[in-house]
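Just one chain follows, in the form predicted on its own, and it is written as structure tokens.
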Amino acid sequence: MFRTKTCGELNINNVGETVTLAGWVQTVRKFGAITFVDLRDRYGITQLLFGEELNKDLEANPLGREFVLQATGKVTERSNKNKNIPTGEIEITLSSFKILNKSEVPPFKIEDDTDGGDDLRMKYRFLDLRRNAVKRNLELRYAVGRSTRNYLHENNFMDIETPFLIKSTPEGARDFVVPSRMNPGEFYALPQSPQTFKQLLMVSGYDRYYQIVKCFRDEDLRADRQPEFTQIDCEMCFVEQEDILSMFEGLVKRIFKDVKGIDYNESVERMSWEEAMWQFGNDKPDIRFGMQLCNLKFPAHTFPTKANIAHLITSDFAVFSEAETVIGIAVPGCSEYTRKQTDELTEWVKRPQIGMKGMVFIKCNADGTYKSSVDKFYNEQQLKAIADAAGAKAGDLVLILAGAEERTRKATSELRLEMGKRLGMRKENEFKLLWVLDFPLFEYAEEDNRWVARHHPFTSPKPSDIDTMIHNNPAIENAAEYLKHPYANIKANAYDMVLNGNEIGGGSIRIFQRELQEKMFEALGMDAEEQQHKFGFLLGAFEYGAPPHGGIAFGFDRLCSILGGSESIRDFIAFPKNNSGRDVMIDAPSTIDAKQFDELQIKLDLK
């Protein structure tokens, strides 16, 4: 056999044993007539001692970094112990060794603190995967998957595979398409999710289904996106929303316990979509800290729990008086910010990705006075009233943005997160879960003058809104007054789970009646012919005893990255794509030869 022990399991209790190890050479250190070698495998590092006789052999056959080595010897106690590694009290005094394979000098150091840039490491990803930092990420990913499977198995879920070659029904991101050689001119699509298949499994009576499954979306990439990604995909029948929330709170708490050793015993907070948007500026708020948004000048559809103080900003200061909305946040303990610091924040909100023209601040000084960048427009009493409305206390700094409602709300949300980060309120090892509920079922697409689904077209309305949906025409007569349409107030029977300001899972109670599903498709602009072409199989299935059902899908890669303290899901994928969607290691995507085009009866026409 190649090895009797791994490089990570030996300790002081093994002294005197004769063992054989196999692994990769991490370092070689020569000291006169002896040589020390650190041998590494997946499990750890063990120091090898080459005595005088074997050292002579090394002179004839020198070792290099990443050589594959087999080594046999006796476990001995080290005189110079290394308390930083589990094997640091022992070494192997070798009696023999064998070079199993040599290695070229690697293009970067195989160490946590590597000298390889991102592009270089992705080109040589098979080497990058040897680094402990990457290995720990994949071990965490495996642990999350193992915990998930154990929990779902214990709760009677059944792992059922669904197809990867399906029908293209683009309703969101673009599909990846696959030509069919046996059906010329026709194409499969890779699934963006197993949505319709898991609903069909519910119709088939498999009342608790799950998969840890690959999904595919042809969309622009960023840190938390890949063209192929993994979901924890789950569905249950004969359930209501509360059943789903309870079951999958349990799943995430189990993962916390198994993977991070965290007992998350507190109840998971809940918040409506409307509350999230008004109080935090986005639908996936980070609730590890406060600093909630205060709308100082409201549009017509005012959030009812806030007091309107619009009279405070009706002054000669046109930036406020002419803006659609004015939003402020109270930053705790920052009233002593210098002019340099407030100027830097102003430049931060002017960046293209934030998109604001400027920022106003009010300092709530400890002595009870107020100082502002707009002192000449507001007296101290007015500044105090604005600061009070924002929830500011003595010593706080109020930051205010003004402009178009959607952009200003989003920018203030980003400013809040940035200040939370700067003040150490977004702690890496602090985890806070949240359910966001009661989303609008529809969004209005102004450019197309039609409704689009906020989640997906299989999401059911809240039971109280079903009659409104069935008995109203989805057509919008006057685009300027779409908010008055009955569909604008329909709530989805949907839910998102948020962790530390990241959506990690989302789902809904599904439509299971043909009439309601057809009405949903009609609202999205599909006529009867298109409905039948794209989803006839599902509509037909609903006529054969479809049960009430609902489910959820978790972003597996994203959950792993949050638990691992990384902003990028690429760190937790063995072979990720870069930001251009390329695998630079295998050089994919790539061209295919003319014979393959001929077999597929496809002609390439690049313009």
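Here the structure is a predicted model, which means the values were calculated and not measured. The first residue of the sequence shown is number 1, and the count goes up from there.
Omitted from view is the form predicted in complex with another copy of the chain, to which the following refers.
Enquirer: Indicate whether Leu10 is a 4.5 Å heavy atom neighbour of another copy of the chain in the model of the complex.
Expert: Contact with another copy of the chain, no.
Enquirer: Decide whether Lys357 counts as a contact residue for another copy of the chain in the model of the complex under a heavy atom distance cut-off of 4.5 Å.
Expert: Lys357 lies outside the contact set for another copy of the chain.
Enquirer: Taking another copy of the chain as it sits in the model of the complex, is Ile34 in contact with it (heavy atom to heavy atom, 4.5 Å or less)?
Expert: Ile34: no contact with another copy of the chain in the model of the complex.
Enquirer: Can Arg570 be called a contact residue for another copy of the chain in the model of the complex at 4.5 Å between heavy atoms?
Expert: Result no; Arg570 lies far from another copy of the chain in the model of the complex.
Enquirer: Kindly confirm or deny that Arg409, Trp451 and Tyr482 each have some heavy atom within 4.5 angstroms of another copy of the chain in the model of the complex.
Expert: No, because Arg409, Trp451 and Tyr482 lack any heavy atom that approaches another copy of the chain to within 4.5 Å in the model of the complex.
Enquirer: Considering another copy of the chain in the model of the complex, which of Ala523, Met122, Leu200, Met425 comes within 4.5 Å of it through any heavy atom?
Expert: The option sitting close enough to the partner is Leu200.
Enquirer: Using a 4.5 Å cut on heavy atoms, which of Ile45, Ala541, Leu63, Ala553 is close to another copy of the chain in the model of the complex?
Expert: Exactly one residue meets the criterion: Ala541.
Enquirer: Quick one: find which of 336 to 344, 370 to 378, 499 to 507, 179 to 187 has residues within 4.5 Å of another copy of the chain in the model of the complex by heavy atom distance.
Expert: Contact criterion met by 179 to 187 only.
Enquirer: Even though the chain is shown alone, can you say which residues of 1 to 34 have a heavy atom within 4.5 Å of another copy of the chain in the model of the complex?
Expert: Met1, Phe2, Arg3, Ala22, Gly23, Trp24, in sequence order.
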